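Given next, in structure tokens, is a single chain: the form predicted on its own.
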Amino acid sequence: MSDVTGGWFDARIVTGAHPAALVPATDREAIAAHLDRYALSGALVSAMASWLHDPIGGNAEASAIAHDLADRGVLACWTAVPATSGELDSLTALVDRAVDDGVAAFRIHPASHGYSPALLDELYDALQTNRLPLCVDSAELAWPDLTTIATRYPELPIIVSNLGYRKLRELWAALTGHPNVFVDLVDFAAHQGVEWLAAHGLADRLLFATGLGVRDPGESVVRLAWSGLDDATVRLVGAENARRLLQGVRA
């Protein structure tokens, strides 16, 4: 399989262990083995701890992995929450620290962390200014909220993940209505959805990602490798779109 996937960039890996996951914990060694198995050019890594335990403190885990595997093209994705006394003083300052640390993107979990996405306007503005993408699972953000953010911050790339099944109508409206909205292949469960979007000129809005740590990576690998798309389109989805959106992705 590595002769097909060689050079692809995995735009979603989660380091750590989910308490109810059916997949093994993901640490530095597991990520390195994943890169080797599929001959990947790199990956974007966020921390399970930032999702399930300590949103801000967990960012250090993502950065530690990225620094340790920097020579393998691994980049960190930090998590943000609204500024709250004792937890986070300033979202702008958080983004500034991230830029200094070489972080490539941010992720939010409004539903899991219990806040309105409207409380993160300072974050969206700072990310747009620094051209850092915003990543979010479809279950974490209502489609009208996604539309609002994409409209107010048209230069902010937004990557939707974990799309699931029967979401293509909502996704179609988001993609055709907002050129700054993208979707990765983690749990992209629509039958021939990748082929359908590519046939309608939207291959440049798709990013290969496995969700290693929360999903079996074979799902996304097969979804793209066996899609029947031409080689140029596979390369576009496999790596070139990520290279365009994420600072630090290798050529």
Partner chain sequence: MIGRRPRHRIVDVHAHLGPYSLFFIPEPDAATMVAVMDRTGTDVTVLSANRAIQQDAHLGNSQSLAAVDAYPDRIAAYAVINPWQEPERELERLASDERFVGIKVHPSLHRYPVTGARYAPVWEFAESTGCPVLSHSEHLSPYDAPVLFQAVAERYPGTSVVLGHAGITPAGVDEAIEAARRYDSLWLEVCGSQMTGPLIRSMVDQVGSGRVLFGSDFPFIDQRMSLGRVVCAPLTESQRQDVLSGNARKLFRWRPLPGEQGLTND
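Numbering follows the first chain given and starts at 1. Keep in mind that this is a model prediction, so the values were computed, not measured.
There is another form of the same protein, the form predicted in complex with the partner chain; it is not shown, and what comes next is about it.
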State the residue from Ile31, Ala49, Ala198, Val221 whose non-hydrogen atoms include one within 4.5 Å of the partner chain in the model of the complex. Val221
May I ask you to choose, among Ala189, Leu69, Ala203, Ala60, the residue with a heavy atom within 4.5 Å of the partner chain in the model of the complex? Ala189
Candidate site Pro19, Gly114 and Leu246: all three near the partner chain in the model of the complex by heavy atom within 4.5 Å: no
Does any part of Tyr38 reach within 4.5 Å of the partner chain in the model of the complex? Heavy atoms only, please. yes
Please tell me whether any heavy atom belonging to Leu168 falls inside 4.5 Å of a heavy atom of the partner chain, as the geometry stands in the model of the complex. yes
Is it the case that Val234, even though its partner is missing from this view, gets within 4.5 Å of the partner chain in the model of the complex, heavy atoms only? yes
Could you confirm whether Ala225 comes within 4.5 Å of the partner chain in the model of the complex, counting heavy atoms only? yes
Among the candidate stretches 123-131, 158-166, 176-184, 141-149, which one is within 4.5 Å of the partner chain in the model of the complex when only heavy atoms are counted? 158-166
